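One chain follows as structure tokens, the form predicted on its own.
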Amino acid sequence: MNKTVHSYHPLLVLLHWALALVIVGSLCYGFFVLGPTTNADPSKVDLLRPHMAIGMAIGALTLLRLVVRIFTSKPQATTSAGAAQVRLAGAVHVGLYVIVLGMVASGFAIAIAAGLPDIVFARSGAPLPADFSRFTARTMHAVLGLALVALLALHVGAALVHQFVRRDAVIRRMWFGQRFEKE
């Protein structure tokens, strides 16, 4: 007996919403807490610790989510969108993975170049570099952060259009509930 998949795997759903929360939180923390704090401020080391730890968790969870996505069945593309919109949605989803993993990689590169593992986690007492912007990875981290905000806005905007304009239950597919329907 064939079964039609109506929603994503529960682990994928859990990872989607957990990552949504921690990514948005980490972006806000980076832009509004770390960004305005100079490296001369002694509290910056303590402010970097959760951001770096959460960044590492985001990387691990994103890779886990990608593996779960590859190896679990998925619902068919929505019929309310045309072929071009389906391709655009696919490109946005790939872009989200690439940019999130790029943010993690550039964060790691900044940390290594600036000696942050010893300063932040081992609490070596060494000062932070005067300015992270001298590291190429810092510029990449900032650009990717802005690109991620733009893609997230597009992703959320599209989900809201599906939910409230097209009323095609796309958001229900990325929620917990009945996954299969017998044909």
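Since we're looking at a predicted model, the values are computed, not measured. All residue numbers are counted from 1 along the displayed sequence.
Although it is not shown, the form predicted together with a small molecule is what the next lines describe.
Every member of the trio M52, V100 and F132 reaches the small molecule in the model of the complex with some non-hydrogen atom inside 4.5 Å.
Site annotation in the model of the complex: the residue of V68, L154, V45, L34 reaching within 4.5 Å of the small molecule with a heavy atom is L34. When contacts are judged by a 4.5 Å heavy atom cut-off, V104 counts as touching the small molecule in the model of the complex. Contact annotation: I119 falls outside 4.5 Å of the small molecule in the model of the complex, judged by heavy atom distances. Within 4.5 Å of some heavy atom of the small molecule in the model of the complex lies at least one heavy atom of G30.
Taking the partner from elsewhere, L63 is found to have every heavy atom lying beyond 4.5 Å of the small molecule in the model of the complex.
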